[in-house]
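First, one chain by itself: the form predicted on its own, in structure tokens.
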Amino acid sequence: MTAVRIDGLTVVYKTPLGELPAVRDVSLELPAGSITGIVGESGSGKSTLALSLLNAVQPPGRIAAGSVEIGGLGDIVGLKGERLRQARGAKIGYVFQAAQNSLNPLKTVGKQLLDLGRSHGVADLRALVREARELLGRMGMDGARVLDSYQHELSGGMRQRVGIMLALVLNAHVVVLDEPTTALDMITQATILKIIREIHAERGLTTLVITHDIGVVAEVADRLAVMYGGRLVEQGPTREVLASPRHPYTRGLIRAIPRLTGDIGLAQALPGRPPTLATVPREGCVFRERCPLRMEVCESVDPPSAAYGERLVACHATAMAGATREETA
């Protein structure tokens, strides 16, 4: 069963050069009860895609095409006003990239929790506080102390856990985690990932993890989608994608990861830089400027996503190699 179905989603931003796509024609399914990771360099469109699940893309951006179907809600792109506000938090929980930016520095965590409960019509606020304390306790913190604290009294890891609590306390079934381990030390990262796995399993959540860190995806995700220049270039089961990447960009990301053992020189950075809104090619393959397999067709034809078993890959070279193998066979 699919909990979230994104179909043909395009998000554009108004610029002096006109409306430019930050996300272009993206289709993705999140199976119910799964953890899906979206990985890519900064500026690839990951966070814009994630905000679309809340219909929260802010001007000068807008959702120009496509749909985001969420079980029990329908197409969230069409929701407005009170229906949209109630869906956020109650149905879809979101943990923002910079946890401290989602907390009000002038209010304690407890007061913000009560504000959240009142805004969603929670009748039993005492029960809400009990649930929050229990969740914080499960994450290794003193729930009562944290609820009485302001954001500046909490460490980065503690603020991240507070963000997870606020996303889950209203019993949302779809949870989006935007860069959940950024700027955290290794031990705190491991703790956060352990919490994500445990709570996901216990509550039967459908979870989307946005990250630039392939190690995070390898640790928690069942499925992996690779994003570049506003497009999904490869997606499939995490182990399959990491063991035998088919898209040149996926291979480049994996090759760039430093190893703990062996020759450090084996790690190779991707050449060039990822495109900006203004430099993303208007036609052809978005990755062609940095691709070692670049062909003439890549200049003018946008590669469609082709199925390879459970994998989807948008690459002319991969499609040509697959066709060659079939002819040889």
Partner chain sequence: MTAFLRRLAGHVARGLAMIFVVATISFFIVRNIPGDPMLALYEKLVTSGMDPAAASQAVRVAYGFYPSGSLWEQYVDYMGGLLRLDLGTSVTNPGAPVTGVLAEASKWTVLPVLAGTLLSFLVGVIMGVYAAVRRSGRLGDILAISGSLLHGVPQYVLALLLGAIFGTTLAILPTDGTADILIEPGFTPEYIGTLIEHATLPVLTYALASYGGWILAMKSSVVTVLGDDFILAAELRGMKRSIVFRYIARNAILPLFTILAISMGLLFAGAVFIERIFNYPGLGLMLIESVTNRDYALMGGAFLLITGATIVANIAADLLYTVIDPRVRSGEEAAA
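Note that the structure is predicted; figures quoted are calculated from it, not measured. Positions refer to the first chain, counted from 1.
One more form of this protein, predicted in complex with its partner chain, exists but is not displayed; see below.
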The one residue among 130, 120, 197, 145 placing a heavy atom within 4.5 Å of its partner chain in the model of the complex is 120
The one option of 75, 153, 134, 222 with any heavy atom within 4.5 Å of its partner chain in the model of the complex is 153
Assert contact_stretch over 67-75, 86-94, 203-211, 229-237 against its partner chain in the model of the complex, heavy atom within 4.5 Å, equals 86-94
Any non-hydrogen atom of residue 107 within 4.5 angstroms of its partner chain in the model of the complex:
yes
Margin query: So in the model of the complex, is its partner chain close enough to residue 193 to count as touching (4.5 Å, heavy atoms)?
Written below: no
Any chance residue 293 has a heavy atom within 4.5 Å of its partner chain in the model of the complex?
no
Original post:
Contact between residue 125 and its partner chain in the model of the complex at 4.5 Å, heavy atoms?
Top reply: no
Taking its partner chain in the model of the complex and a 4.5 Å non-hydrogen atom cutoff, the residues of 22-58 making contact are 51, 54, 56, 58
